[in-house]
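Shown next as structure tokens: one chain only, the form predicted on its own.
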């Protein structure tokens, strides 16, 4: 294992929100190769770049706060690494910052286990946000269909209901909600599935936009985050 584990903070924006997790990984691998960073290669028959990512985003969801751990064979100052990546970064995958973490640091998916989402919905009657918040705060169990089968979930295990709140919408006929959703080893429910499960009877939801604005659990490890925005 390499002694140099570089944690890279990036965003997924615009049309690139339509990339799958595998396509995202390949795009960032190409960026690393073009940057000239001394990345480590795995051993064995199918050698590949040694890296890992934070929890996968649903296709179509943008993010302002994604992470990639990249193992290097030699030390490169974080600012120099960020500069090299920024020079070759794909439009829609901007590089924000980076720092080194211990090789013994737990995997990203174990340390970044709370995803904060902003969900924007059509609300022509200007009452949808209040109805959804009331339903979220009064519901313990929700039923969600996954792969065609109904499954029951304990809502407080999925969503920090007390932290869920209304945000200022970008237009009069829209509403916007802040939703902190717990990520587990088995994945997490998409915010739209949670909202659909508690939506008022007979009322369909029209989602305008979903953005994952941050991933958190432990104090932020990126010392240089914000210096390269």
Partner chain sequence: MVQKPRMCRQTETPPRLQPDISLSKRKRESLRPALSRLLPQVEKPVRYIGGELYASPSTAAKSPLDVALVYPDLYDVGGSNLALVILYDIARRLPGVQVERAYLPWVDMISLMRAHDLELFSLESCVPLASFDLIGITLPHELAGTNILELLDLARIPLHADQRGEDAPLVIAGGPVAYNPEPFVEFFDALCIGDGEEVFAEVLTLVRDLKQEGVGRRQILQALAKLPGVYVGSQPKPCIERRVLADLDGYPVVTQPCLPFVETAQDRFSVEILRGCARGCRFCSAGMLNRPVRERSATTIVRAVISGLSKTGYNEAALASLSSSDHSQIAQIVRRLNGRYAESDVKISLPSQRLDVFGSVLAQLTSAHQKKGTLTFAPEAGSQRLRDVINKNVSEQDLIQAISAAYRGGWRRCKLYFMIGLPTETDADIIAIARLANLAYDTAQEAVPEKQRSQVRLSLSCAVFVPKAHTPFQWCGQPSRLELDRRVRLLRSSGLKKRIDLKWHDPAASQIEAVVSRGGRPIGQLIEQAWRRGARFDAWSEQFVPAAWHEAAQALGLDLEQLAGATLSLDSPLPWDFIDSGVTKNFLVAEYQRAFHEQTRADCTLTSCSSCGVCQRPTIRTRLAQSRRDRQEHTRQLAGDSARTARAQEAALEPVKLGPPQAHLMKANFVETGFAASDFVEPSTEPKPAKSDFAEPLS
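Numbering follows the first chain given and starts at 1. All figures in this text were calculated on a predicted structure; none of them were measured in a lab.
The form predicted together with the partner chain is left out here; the points below concern that form.
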_How about residue 210 - does it come within 4.5 Å of the partner chain in the predicted bound form, if we only consider non-hydrogen atoms?_
no
_Can you tell me if residue 34 lies within 4.5 angstroms of the partner chain in the predicted bound form, counting non-hydrogen atoms only?_
yes
*asked:* How about residue 205 - does it come within 4.5 Å of the partner chain in the predicted bound form, if we only consider non-hydrogen atoms?
replied: no
*Can you check whether residue 39 is within 4.5 Å of the partner chain in the predicted bound form, heavy atom basis?*
yes
_Taking a heavy atom within 4.5 Å as contact, would all three of 145, 154 and 157 count as contacting the partner chain in the predicted bound form?_
no
*Please determine, with the chain shown alone, which of 83 to 91, 100 to 108, 137 to 145, 121 to 129 has non-hydrogen atoms within 4.5 Å of the partner chain in the predicted bound form.*
83 to 91
*Those residues of 130 to 159 which, in the predicted bound form, come within 4.5 Å of the partner chain by heavy atom*: none
